[in-house]
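So here's one chain in two forms, each on its own in structure tokens, numbered structure 1 and structure 2.
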Structure 1
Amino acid sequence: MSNRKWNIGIAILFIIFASLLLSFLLSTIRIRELLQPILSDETSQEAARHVILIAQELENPYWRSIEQGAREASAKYGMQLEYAGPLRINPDEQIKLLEKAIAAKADAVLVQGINDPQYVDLIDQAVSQGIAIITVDTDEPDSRRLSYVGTDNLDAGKVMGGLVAKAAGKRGSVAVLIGNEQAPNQQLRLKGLRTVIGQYPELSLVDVRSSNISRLQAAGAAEELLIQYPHIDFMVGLSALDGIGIAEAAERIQRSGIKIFAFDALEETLTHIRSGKINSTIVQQPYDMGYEAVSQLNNHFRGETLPGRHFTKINILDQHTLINETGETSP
């Protein structure tokens, strides 16, 4: 009898233990289900690639447009984008920011080429440490960067040369402002322009001056050119502020009849095109540069081999184009 009671007692204890164990397991499963979204988010954040975009100038609208494209592509591909840059154009600060990005062990860095040996060494150092480097806007072709994403500046210069030659009827005198004599993208544009102008014996390039990427200096250099060469018929600006500076100089010294060709689509440039002060401008696609650069990074992280160069498109805006695009009436 006592054995029977003992067996019944053991059975009851087993049932109680089994019930408690089952309840514990069910609770554990429920807790895991509740925590899973949080754990997944943390895992996703840990796995997100850290990408740093180093601008030439932090608040420059052109670079903000590059940032916008890069940020939208980063969101699409699950990357974390950090945007940095000097407050004013300063290559030394760009070098320091690249050093910081390497020290922070970023997964990738998007940089503008600045044609500096120390910068090239840093890019090579980053790549050797497994940090993916893509150049945007301006290339650093002698470095180990994975790819360049931006305008084909040699071709853009040739397009500019074609615009001038057509407007000139293949004869006349041309003066040029260049933003920065050391910048590879500016030199490529100038080379392309010279290539086309050199095809026409009666179309001559009389002088090239630097504006140092300054509207004030662009206006000053343009005024000097117009006074020194009173026979100039055409003036070309190869960086964003040059065309505006040329228009300002021509108005200041009351030189009419000068045909001005600009680069990029600053609002004042477009205003001058509408009024006829600037003939036309070549427009780059900074948003596309940022978006495509991050897209190329995504391809790289998936194990794909990147092209050495990925060119973004350019457009030509003139008075006729602006009227057709906006429905404006001609002034």
Structure 2
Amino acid sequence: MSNRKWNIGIAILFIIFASLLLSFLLSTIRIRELLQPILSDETSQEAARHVILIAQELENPYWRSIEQGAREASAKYGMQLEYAGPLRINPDEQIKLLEKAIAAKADAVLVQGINDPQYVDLIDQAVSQGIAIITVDTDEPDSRRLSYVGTDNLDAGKVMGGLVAKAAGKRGSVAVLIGNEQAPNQQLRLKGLRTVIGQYPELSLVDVRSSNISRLQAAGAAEELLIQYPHIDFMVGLSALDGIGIAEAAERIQRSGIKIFAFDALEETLTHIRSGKINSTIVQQPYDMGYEAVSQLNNHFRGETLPGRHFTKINILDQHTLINETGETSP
């Protein structure tokens, strides 16, 4: 064969080879493009961190707000949120739910502090296993939790003391409903309240009863207090349903002239403020607590060191601020 024929043959073979290679490369790219959405979906599902929020009480509207905030932040950061909690306040069940979350190897758990040594051990165990723990609403400061997101409860108690002292003109008798005797957030609020009341010799705190964070029990305990101490001028509820329960009791036994101070901004509390049955309320930000706690988790997973505490804001609502802020008219 002549040299020329050889060259033509090699050139033809080269062209065939090059076009085969090109079409192979093009189809690989095409296949990759087609698979991309499926692959990235699988990776993101694999990477979706499993976060469990354990409430103090599952259907409590205050905890449902925390859940809502946590859910929205989880959606934003591609995490998968599971909401759990006892049907009625039950710290033993909160402990069991934390045990279950650890056994399920959750990536993170948001818990309420309950001031219990067994619970502290569990938090520490979870953290040593690489499970991120953040306390919400109530801190567990002796544990190795990464951060606390919630109200500065001691300060909130002092603010409440200031409201009562101002309304009392520094003189009078105060009775208190506390959500739960063991709950550290309630104890801190009570401590703050006592500190301020203690500064006025003619202002006295006559009794403290527990509502077990139940509206029904709050109404029952308030009624007992009002009957036992007919001279009470002021009643304070330190958890979300207490003020509503106190208002119900005062109405039931037709005790007018009593000034009621509440916590949180449940719809019924606002209705009672509008109608003047409740004097004012200290509003916490449960939605923000949930949202911020999950945002902090996201920072942690990105390798950031979290602040030991992240206080959410409180503000005071009374008839005047409600009317000014919403343009409502006085009832």
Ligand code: BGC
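If you're wondering where the values come from, they're calculated on a predicted model, not measured in any experiment. For the two forms, the rigid core is made up of the largest set of C-alpha atoms that agree within 1.5 Å on superposition. Residue numbering: sequential along structure 1, first residue numbered 1.
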Notebook entry, point to check: Does structure 1 or structure 2 depict the form predicted in complex with ligand BGC?
Noted result: 2
Next item on the list: Establish whether a shift of 2 Å or more occurs at the C-alpha of Ala106 between structures 1 and 2, with the two forms superposed on the rigid core.
Entry: yes
Next item on the list: Classify Thr305 as shifted (yes) or not shifted (no) between structures 1 and 2, where shifted means its C-alpha moves by 2 Å or more with the rigid core superposed.
Entry: yes
Item checked: CA of Glu59, rigid core aligned, shift of 2 Å or more between structures 1 and 2 -> yes
